[in-house]
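In the block that follows, a single chain appears as structure tokens, in the form predicted on its own.
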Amino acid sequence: MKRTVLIAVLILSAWAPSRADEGMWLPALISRRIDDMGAKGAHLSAEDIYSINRASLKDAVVLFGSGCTGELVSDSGLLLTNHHCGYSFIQRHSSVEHDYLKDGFWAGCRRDELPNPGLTVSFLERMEDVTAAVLAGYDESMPEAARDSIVARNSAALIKHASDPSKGVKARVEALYYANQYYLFVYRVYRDVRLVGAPPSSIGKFGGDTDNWMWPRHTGDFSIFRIYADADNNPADYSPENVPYVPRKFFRINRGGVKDGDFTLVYGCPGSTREYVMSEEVRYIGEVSDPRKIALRTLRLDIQKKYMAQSQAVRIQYSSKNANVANAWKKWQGESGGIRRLGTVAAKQEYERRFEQWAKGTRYEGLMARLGALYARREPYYLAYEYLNETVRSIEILRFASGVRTALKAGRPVQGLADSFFKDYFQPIDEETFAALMNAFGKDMPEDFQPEYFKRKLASYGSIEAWRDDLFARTLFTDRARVCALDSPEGLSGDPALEMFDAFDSWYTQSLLPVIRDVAKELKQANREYMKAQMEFEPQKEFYPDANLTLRVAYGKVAGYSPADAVQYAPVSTLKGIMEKDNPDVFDYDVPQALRDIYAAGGCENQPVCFLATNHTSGGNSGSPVLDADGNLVGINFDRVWEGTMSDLVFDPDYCRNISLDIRYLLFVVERIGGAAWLLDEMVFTY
């Protein structure tokens, strides 16, 4: 009875009238949003967006790899996603002789398309509310451990029943609303995905770290892949005999483009948001965690960039690594700044004061105090854990040493692991990074939160630099030949790289993890209660589920914004802006000569490049299709504006904007830069 009432509260509150363009909506329940979407300009029905009975827009959207989104644009499995989503695969095919990162890659025909072992794309076949089945046998009087056991057992049974590995069908049960609700997601996973085309990085990453998260943006952030299947259109491992996948649905492309005020719909897999946490969590993120991590990553980035600027080979080796480090680094800057600007902590504290007044005399009385005490207990331990990740676990040679030992213990050969590591490893970067990060660890971590091993080593060597020099001189993991000669883990125990990794790992396991784990268990239960309580406290408020890399719909409109006094950004950037930034002396702004020549010939200065909209997006939405009012493709989402990156915690309609590649620029680059017009012949256009 209590569960039935809770589910009713969840449904009623989750589908209350929306505020601005905030929200990441479950496609299976989109019928409850369709009137609001129509009022904002959409011409789509709920069945157009999500259906299990006929082809719908969901059938043209995939989870690309394990953290991006992609979309189908032809009846032959042609797939678009972001350049940064395909970046690591483009890099794997690159070398000094064939620098596809720098020069781009364009298959001349299907025979030239390049396989990518390990890359998968996952189509959502259906989603289903399974809350009652997951909680079957549970009573609120039971302890939390019993609940966890019941949820795990029931979820496993649901997953087993829904999965069919022989046909590539996999299932997951995901908790929504802090485990007040559960959904089953069933996917069909394709394993043969080939690289078809990618622009040169001077287009695909134009602006680089300088423009990352910023507007105006002029980045041609796309790459093109193709899905292959067996003769029956089913998932299969790579084989030359496989054929292009035939989708149930693919997107038509609107060559007419977008203009200010147009309706937009983003259909993708946002990764993680925390819209409903209490003020102490937001304070920790904005005032403690983000600033500390920004400082540590600045050290790493400065070292990498110094050496990358000196060598093309090192630039290729570290391009993907550098981009991965920089992405969160800049996002955290915008996030912490947005939290301060909006006064989010104070606003949540005021909300919590009102909540506490309402909660008096109810089962929720004292809940805020309990949550606050848990966060206070966790903070120093969790900060030490984050420092461990950003320092010791960011030193490449230590991670490699641990990976080799793991492979040897499992009886796996290590040559492939070694080949992959040394292909993209430059020891001077790692040595300088070691010194910078471990000095920061010693300076920033309170003595009570420093491992005894660290203190002993520092006392023994006298400096981090001396410790580093000895470690790199003695470890065998800097020598590819010695690593490849290993056939068992015997004799590795004395290696200084493994010794250091193990010492810090033991410190984490023995000193940090027990507290973090215990607090996490209590926080899990307390946050579940708090989520339920918030819905009862404000039953008319909109409560969409936090993102968790499952398929969602977000909708809004094309719109600019004003980030500061007397500054107003237009919502569309053009090729003219690229040429205004063009500078051969600055790596991020050195455009291809072919693009300069096309521009100099005239007639394309107003070619649209990117646009802004008010859709609520997050990490994981990279590569998501941006659709017009009729469900036609007008863009590919790839970023948010820097001032709005706090949208994972709080959405501000004045600042939160998603940045998308205008599909017209993709077509322009494919045809006029890539010379791959044959790909356009596969697509279907509307105007």
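None of these values were measured; they are calculated from a predicted model. Residue indices: 1-based, along the sequence shown.
Not pictured, yet referred to below: the form predicted together with arginine (ARG).
Figure note: of the listed segments 203-211, 291-299, 355-363, 224-232, the one touching arginine (ARG) in the predicted bound form, with heavy atoms no more than 4.5 Å away, is 203-211.
For the options 327, 91, 550, 279, the one in contact with arginine (ARG) in the predicted bound form, meaning a heavy atom within 4.5 Å, is 327. Interface membership of residue 628, defined by any non-hydrogen atom within 4.5 Å of arginine (ARG) in the predicted bound form, is ruled out.
In the predicted bound form, residue 218 stays away from arginine (ARG), with no heavy atom inside 4.5 Å. With a 4.5 Å cutoff on heavy atoms, residue 638 counts as touching arginine (ARG) in the predicted bound form. In the predicted bound form, arginine (ARG) lies within 4.5 angstroms of a heavy atom of only one residue of 77-97, namely 84.
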